[in-house]
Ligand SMILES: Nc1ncnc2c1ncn2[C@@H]1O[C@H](COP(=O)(O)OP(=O)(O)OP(=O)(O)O)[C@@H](O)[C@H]1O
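Consider the single chain below, provided in structure tokens and representing the form predicted alone.
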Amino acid sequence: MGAIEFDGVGKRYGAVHAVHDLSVAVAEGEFVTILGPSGSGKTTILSLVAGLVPPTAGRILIAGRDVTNLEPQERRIGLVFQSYALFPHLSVHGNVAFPLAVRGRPRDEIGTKVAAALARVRLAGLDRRRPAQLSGGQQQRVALARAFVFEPDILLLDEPLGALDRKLREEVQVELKALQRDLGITTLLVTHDQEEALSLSDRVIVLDHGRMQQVGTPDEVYRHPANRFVAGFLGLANLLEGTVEAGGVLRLASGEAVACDPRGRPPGARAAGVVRPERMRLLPESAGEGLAARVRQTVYLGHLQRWHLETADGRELVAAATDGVRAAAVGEAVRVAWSAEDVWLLPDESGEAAAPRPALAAMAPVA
């Protein structure tokens, strides 16, 4: 039994199918992120859990209780919006106390719980300020305190960090994860920010056009994507496409052969291997391994250097490494190589599921 269970859940808006047959469970105390591009159904799923919209198919259970037809106030859910939705005319104390006040809690209890909540989010002493007197990060923490002060079963976060600048967003991410672990509250986050999803989550649900493409740990969905959409949406991915041959060989369109684990694919089957940029190594042109390429562009990101490459047959590749590694100038001829364990052979385009346990493809170039 999960803290949240989706049992064949679907949602239609007229002819638009926003969510298709969603069946997945979120464990007690787990931090799960729903990740996908705009229009993928992320916020619709959050609204279904909160009871803001009804499903057109399936059931939603919270702690084993069917809440599909219950009103939002009957679900014991804390919700934080991207805009924070704070009451501008109320103080910090008044905003955080609001969920307790509408539930008719005694004044003394409200005071004690609000003080404890503000201390958890490091806002003690700011209880008399109005939202307009707070920074964006402080307002975000007020919204979080208001969401968990009444001890909900579930915490729902609808892109709560989207309005913050990058530096502040990264700081609040650390605070948010620590707070969630401290509270032990089951949390469902919606975001389109891949880094945010990978850094915060115990598991990630990747959506596209209302369909669940993959669910797994951040490492699983990044290193072992279920399909081409997941590979391309979660950061940059180099795809090496070819045809499986006998003896565990993937023959590229250029005629080059790379070793691979065909994972049950018969000779003649089309396949593609994904290699993440940070797993690729730039070598001198004289090196005896890897693929020949030429540097088309370099991108300096401070902590990271990125090289955009082009092979002799016009294939585009991207390599990346931390600052301080061997540099390569625009126009320079290089070799690009990788380790076999850093490459994942994708399913074919028929939509077959990825293997539950990774059978890693060995794609080091062979003679």
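Numbering starts at 1 and follows the sequence shown. If you're wondering where the values come from, they're calculated on a predicted model, not measured in any experiment.
Quick note: we don't show the form predicted together with the ligand, though the next part is all about it.
- Using a 4.5 Å heavy atom cutoff, 18, 38 and 82 all lie near the ligand in the predicted complex.
- A single residue from the set 159, 245, 256, 202 has any heavy atom within 4.5 angstroms of the ligand in the predicted complex; that residue is 159.
- In terms of contact with the ligand in the predicted complex, the residue from 305, 68, 311, 43 that brings a heavy atom within 4.5 Å is 43.
- Residues within 4.5 angstroms of the ligand in the predicted complex, judged by any non-hydrogen atom, belong to 30-38 and to none of the other stretches in 314-322, 30-38, 54-62, 295-303.
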